[in-house]
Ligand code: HCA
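Only one chain is included here, represented as structure tokens and corresponding to the form predicted alone.
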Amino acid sequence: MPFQHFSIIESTLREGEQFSTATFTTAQKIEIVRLLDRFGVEMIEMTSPLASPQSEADVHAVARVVRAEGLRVKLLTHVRCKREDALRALETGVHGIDVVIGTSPQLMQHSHGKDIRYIIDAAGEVLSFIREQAPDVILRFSTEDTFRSRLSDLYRVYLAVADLNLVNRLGVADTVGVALPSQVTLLVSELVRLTGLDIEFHGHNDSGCAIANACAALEGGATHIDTTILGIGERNGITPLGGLIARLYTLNKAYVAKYNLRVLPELDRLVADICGIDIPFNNYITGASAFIHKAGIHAKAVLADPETYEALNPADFGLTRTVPIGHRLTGWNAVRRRAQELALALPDHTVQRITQEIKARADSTPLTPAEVDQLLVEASQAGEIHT
């Protein structure tokens, strides 16, 4: 199965820096790298050293930490298809260089202003230069705005690059989030068939398909998926790390067994705090509502067997489920469970009576857990117990 053999390229420190409120200090970047290494991602991508003097200094600083601390993660940086970019990237000491150039009509007209022949020639020149300077560096070539590019143009570029025998993998990028999963699977599978190279997928979430498209890429034979923590990035961001993990976990827990899943909540909290944002209430795994079961019939089933209404086990992520009972939708089985947790042996008819009282009062204002506990304790003290 293709889902068993993939690597994550974590791009919070490259794509994520393009998020509207993201400004990472050097110390914060190092903290994120250490946590991502603990989580177990295979590669981390950083902003091009040409972006700013501080960006260049940060790549050097993180590379030193990775080497000094013996971190397992491989460090990459992302550059334009230009010799000067490649040279500066090589000087930072990263393990790999990700080269990119736009191939859609929009980018060829309004970005670099070059045609496909130029793109092929430039790729050959830059990739050859990198490989001559660093024979062992991990090297990727990607088109930008892949899914608005002409298929004939894409195949010309990818086949020409593959024939050079210089790169470790090819990248495809849904830069504006318009691809359908079927398109992604088809293109990736064709590139695998035609080139035999590893394929990396980078998918934006403008139309809500980033996770689905990442999985479609894996179905097509992709070997690398780009993610960011909380999915941050340009505009609506890209495939979220937690979302990808959740999707693969629900297919087969074995697919994500190589990762330290309990680190994920810490990563989400850290990046949310740095960016000054809240973790969305419905965020994959770490959202406040992710493991809350409210409706009475749901609560009854979950208390008997959590898998009835849970595809994800919160304990695997160091989290717990919640079954609130102070609301109008509560069920008496959930109230009975709370009584048992308080070591109160109340008969069923008493629990049912208390449940109806909770419902009636909660029609105006939900009860706090302490208020529910007080009702149960008072019933016990009044002698409404099993004999």
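Each residue number is its position in the shown sequence, starting from 1. For clarity, every value in this text was computed on a predicted model and none was experimentally measured.
Absent from the display: the form predicted together with the ligand. The rest refers to it.
| query | Can all three of R14, E144 and A173 be found with a heavy atom no more than 4.5 Å from the ligand in the model of the complex? | reply | Answer is yes for this spot.
| message | Given the stretches 122-130, 83-91, 200-208, 291-299, which is the single one in contact with the ligand in the model of the complex, using a heavy atom cutoff of 4.5 Å? | response | Heavy atoms within 4.5 Å of the ligand in the model of the complex occur in 200-208.
| query | Can V73 be called a contact residue for the ligand in the model of the complex at 4.5 Å between heavy atoms? | reply | So V73 does not count as contacting the ligand.
| said: So, Q374 and the ligand: in the model of the complex, are they within 4.5 Å at any heavy atom pair? | reply: Looking in the model of the complex, residue contacts with the ligand do not include Q374, since no heavy atom lies within 4.5 Å.
| message | With a cut-off of 4.5 Å between heavy atoms, is V100 one of the residues that contacts the ligand in the model of the complex? | response | Output for V100 is yes: heavy atoms within 4.5 Å of the ligand.
| task | For the stretch 118-141, return the residues whose heavy atoms include at least one within 4.5 Å of the ligand in the model of the complex, in the order they occur. | result | Residue within 4.5 Å: R140, and no other.
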